Structures are given as C-alpha cells and as structure tokens.
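There is one chain below, alone, in structure tokens, taken in the form predicted on its own.
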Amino acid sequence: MISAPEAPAYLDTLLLVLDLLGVFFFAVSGSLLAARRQFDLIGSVFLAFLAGLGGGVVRDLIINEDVPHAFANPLYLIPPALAAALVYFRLVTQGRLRRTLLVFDAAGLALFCVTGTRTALAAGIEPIMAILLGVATGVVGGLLRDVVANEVPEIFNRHGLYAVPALFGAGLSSLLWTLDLFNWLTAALVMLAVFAFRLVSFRMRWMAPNAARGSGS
C-alpha cells in the first residue's frame, strides 16, 4: 500500500458525479440490451443495476471497503432506475441513435476506467494494481450484463477493442496521479480519449492479436 495525497474536496465531488454518470451510461446499455432481447421490465431493471453497479462493487470488494459505495450511498440507486424508466417509456431507443447501446457502453467504459483507477489510488493501492482495478471497474459491469443476457461479452468481441481502451485510460490516469497532474481537466481529457478510442476501434474493426499466433482469420 502507498500513502495517497489528499485530493481537493471539489475533486471528490466531481468524481462522485462522474461515477454516477458512468453508472447511468452502463445502466442504459443494460436496459437497451434487455429491450433488444425482449426481456420484461424486471429483467430490464436487473440488467441496468447489474451493468451499472457491477464493476464498482467488485472494485470496492477487492479494495476491502467496509461497504461498497453502491450500497453505502443511496444516490447510486437512482441512475439504474432512471435508465430503466427511460428505456421503458422509449425515451431512449436503439432507433433514435445508430448503435445506441455501443455509445452508452463506451461512455460508461470511459468514465469507469478513470474513476475506478482514481478510487484505487486514493485508497493507497499501488499504481500498477490500481490500473488493473480501473480496467476491472470499466469492463466487469458490461461483462456481467452480456453473460446474464446470453450475449457474447463485448470484451471478447473481435470487432473492436474493449479492454485495451480501458487499459489505456487507467494507465494514463495512474501516470497523471503519480505526477500529481490528476485534476478535473486531465480526467475529462482521458475520458474523452478512451471514449473516442473505443468508438474508432469499433468503426475501424481494430483487433487485438489472437490467443495463438497465426490462428484464426
């Protein structure tokens, strides 16, 4: 464990807001997937909570928080409920924005890999391990969402990079923290970079190397 520098109060508030936004974006992706799979409203709410809160709960349990943030702060219950309601009333649909689910998922990934890394660093976790926790925060919610909905998880989808943008964002966040350059502006820039990286990689069909060299197409 390392001693973490004390962050300004405004940064804690800002990162809480960003964390809640990340919960909302992932929760919308969960409810959209439920709608696409023709699940009922209960299934939509369940996937919204699972996608929105799963990554953060896993992170907090690994950090050994007494109570995960999602259960200690009632504010975390609002974004998944709002997401399910928006999809139920068709205020957010697949048809109104091309690849809507992908966009919300990419936004959640971008926010969570940064806020997850910062949370781990603030708890005194070593930078390398904080990067891994940041990636986990970013990808676990989507992984749980897809597995429960019987979909191929996005992290294993070869049409675009998923974990790599999260690793990039978490690594850059850890570096900025170590250099004492992590603030609201640099955090926002990293999030935008991860969001763009994810969408461009999907658009351009960038792929990570196969598990065995020379295998596959």
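All residue numbers are counted from 1 along the displayed sequence. Just so you know, these numbers come straight off a predicted model, no measurement behind them.
The same protein also exists as the form predicted together with a further copy of the same chain; that form is not shown, yet it is the one meant from here on.
Taking the partner from elsewhere, residue 179 is found to have every heavy atom lying beyond 4.5 Å of a further copy of the same chain in the model of the complex.
Taking the partner from the other structure, a further copy of the same chain in the model of the complex has a heavy atom within 4.5 Å of a heavy atom of residue 87.
Using a 4.5 angstroms threshold between heavy atoms, residue 196 stays clear of a further copy of the same chain in the model of the complex.
Contact annotation: residue 139 falls within 4.5 Å of a further copy of the same chain in the model of the complex, judged by heavy atom distances. Using a 4.5 Å cut-off on any heavy atom, the residues of 41-76 that reach a further copy of the same chain in the model of the complex are, in sequence order, 41, 42, 43, 44, 46, 47, 49, 57, 61, 62, 63, 64, 65, 66, 67, 68, 70, 71, 72, 73, 74.
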